[in-house]
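Given next, in structure tokens, is a single chain: the form predicted alone.
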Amino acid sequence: MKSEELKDILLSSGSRVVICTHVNPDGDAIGSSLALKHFLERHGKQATVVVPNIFPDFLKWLPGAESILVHTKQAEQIKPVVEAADLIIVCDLNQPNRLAGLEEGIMASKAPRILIDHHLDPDTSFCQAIVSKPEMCAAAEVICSLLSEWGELDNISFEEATCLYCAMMCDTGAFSFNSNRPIIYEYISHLLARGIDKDLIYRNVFWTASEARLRLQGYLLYVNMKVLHERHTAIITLTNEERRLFKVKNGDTEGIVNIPLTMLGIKLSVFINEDTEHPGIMKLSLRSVGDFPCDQMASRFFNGGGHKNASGGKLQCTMQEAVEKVRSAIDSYAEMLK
């Protein structure tokens, strides 16, 4: 679909828009969704962001975050909002099942759906309009590219710019991976021109930690991190029992998977984290440096996917079984992890 046609749909499809994103929403999901909300409201629309479950506390300072509806807490409030929607925007996901508890209501809606995403292999059957750009670093960059094509990038509000910068920053690890394309920094220059404080955004996300997070981080690195030197890999585990011990709050584990990559010689880091809402489900985060294909490993072994250097998946098993499966997966990539 041509970008101008998409803009026409966004601005002419009635006044009530619902913006939804994936389960366990991260910085890109929340930032991109809120940026779309502010853009649509600037154009006279009534826009509501709905998410499947809670999002990290370190994102709750973002402008508009207080208005986000969470399905696991506000299902009855969300239902009539989705039913009344004139348009639904699905942001930062490539498969409808990643909507989790929102999927049934979103798919049952008679409103047209637009997909805005940057993940590989999108399911093109569940939305009427598709904007998929896997070469881009974040859904927020996809939005920036659209705004640029529409001649809107210099007209966006401070709130839109703040959300877009935060989203791209989060999905690139503060521009430390998947962010070599020069156009990204051209977009950033436009966002900075809107008066955003990038240093404050960075501090809010990366340098605002609770005591519990710091103590948890030390414990995970000293006690729970296993280094497979011959495979240049580190594995970190976290059970719900350990969460309770350290009084871990939402968002306290964000970014922990990246820490082992600062260790000399490490090519792959895997964080196995028991799902707080579904005990017995192990969520996996994978991060790598160089050419190691996290997305391939996640797809082959962990029912997941993502990007080359940053992917995720899940397993239904015990923590011990999950560790064994991760080790087996790592062994299958022995040649690449020499």
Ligand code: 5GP
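Just so it is clear, the structure is predicted and the values come from calculations on it, not from any experiment. Don't overthink the numbering: it's just position in the shown sequence, from 1.
We do not show the form predicted together with the named molecule, though everything after this point is about it.
Remark: all three candidate residues (119, 285 and 304) come within 4.5 Å of the named molecule in the predicted complex, counting heavy atoms only.
Using a 4.5 Å cutoff between non-hydrogen atoms, residue 311 counts as a contact of the named molecule in the predicted complex. When contacts are judged by a 4.5 Å heavy atom cut-off, residue 95 counts as touching the named molecule in the predicted complex. Comment: 285 to 293 is the region of 64 to 72, 285 to 293, 43 to 51, 30 to 38 lying near the named molecule in the predicted complex, near meaning a non-hydrogen atom within 4.5 Å.
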